[in-house]
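So this first bit is one chain, no partners, the form predicted on its own, shown in structure tokens.
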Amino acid sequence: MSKRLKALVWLTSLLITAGTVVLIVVSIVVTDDHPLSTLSPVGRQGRDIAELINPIFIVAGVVFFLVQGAVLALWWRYRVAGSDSGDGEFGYYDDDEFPEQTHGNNRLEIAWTIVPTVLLAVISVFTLVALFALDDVKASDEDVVVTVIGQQWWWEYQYHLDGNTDSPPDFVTANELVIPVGVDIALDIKSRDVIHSFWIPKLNGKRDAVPGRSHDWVIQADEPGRFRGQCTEFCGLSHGYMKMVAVALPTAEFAQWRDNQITPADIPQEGTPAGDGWATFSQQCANCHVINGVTSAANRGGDPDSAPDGWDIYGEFNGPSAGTYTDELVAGAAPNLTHLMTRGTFAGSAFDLYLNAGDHVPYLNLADQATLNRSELEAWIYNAPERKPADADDLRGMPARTGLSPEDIDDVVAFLSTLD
């Protein structure tokens, strides 16, 4: 090996080491632009996780540099010396020749067995303490329990304000879980179809949503804000687009939001764009989407004596009692749209409902002050599978509505804009 090649090998090793250091520092320090970071918690459970991760990262970093340093030192110390010719080339061994062999060092072998064992034992103690704390899912205030239901490929939230999940929910939303600041909110996590995993890293760790089972969890935020999450169990075609948002509001604002969510929507006046949009929606969309106070069987021209579209259609596991949804694990349910315009995202939080609203518009004022992302919403209504891959033929995801004219879609958006 020439001196130039030897220098290149040495420089490459240094660059790899330096690059690793930079990546570690950046991943720890620069987290503002990474909404799924666990390293900048804003809730009690998130802090428990970060307080476990950070020391482990430090220990792992020290071990990494010790090991890499030892490898480089041994490589340099026991490299083959240059040849006697003085031409700067490394020497080499013939096939039948071996370098001097070292058969072991009892002290070193005992040391590098005991030290990692002790180190891992200490880490395991702190890990178990953190896991026991996270597994304590009894909320401090159980007046509110939210049933969280995963479905291909969005999340539904059923709010039980009295804490009784055996009765119909008080109201139902989708995609965005709204909670009061400083309050532990009990979650009852389920699935309609396949295994999903609920994860909002700034607030807590992951909890699986498994069909046929119920998993308790708790979520809490120390400060107001909007915190992104992601399904972390591969669940099919649009798994990567199955997102969620937790919105933490001050107590008074949460009460205002809650009271509004309970209020049913109104049928728009006939002869208006919104009224025409409702007519189109009732024919094209109301077999899957519920808008409480609007999409009852009577309002769709059905049996006037049939049950209205109250919250009682949401039974255990969000299964139907009124035929709007299927009883099968393959879900025919769709997001409840009663107060769609009070949310900041749609389509499983894959798209923003408003333009640049997250930075400067208060959450309760989105419908009044923010600019509707009309082009994205219209594109979604017209051909949802093109925007977010789905399998609508098997009741997974929203089907395309390519038969609607641009005027029809404009009217539907005008109707949806009234749902605040």
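The structure presented is a predicted model; accordingly, all values stated were derived computationally and were not measured. One-based numbering along the sequence shown.
There is another form of this protein, the form predicted together with a small molecule, and it is not shown here; the text below is about that form.
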> Out of V247, V194, A274, C285, which one falls within 4.5 Å of the small molecule in the predicted complex, going by heavy atoms?
Replying inline: C285
> Which of these residues, L203, C231, A174, V294, gets a heavy atom within 4.5 Å of the small molecule in the predicted complex?
Replying inline: A174
>> Against the small molecule in the predicted complex, would P268 count as a contact residue? Criterion: heavy atoms within 4.5 Å.
In response: no
> Does R44 reach the small molecule in the predicted complex if we count a contact as any heavy atom within 4.5 Å?
Replying inline: no
> For W278, is any heavy atom within 4.5 Å of the small molecule in the predicted complex, or not?
Replying inline: no
>> Check W380 for me: does it contact the small molecule in the predicted complex (non-hydrogen atoms, 4.5 angstroms)?
In response: yes
> Looking at the small molecule in the predicted complex, do all three of I149, H160 and A209 come within 4.5 Å of it through at least one heavy atom?
Replying inline: no
>> Just to confirm the contact call: exactly one of 257-265, 221-229, 346-354, 121-129 touches the small molecule in the predicted complex at a 4.5 Å heavy atom cutoff, so which is it?
In response: 346-354
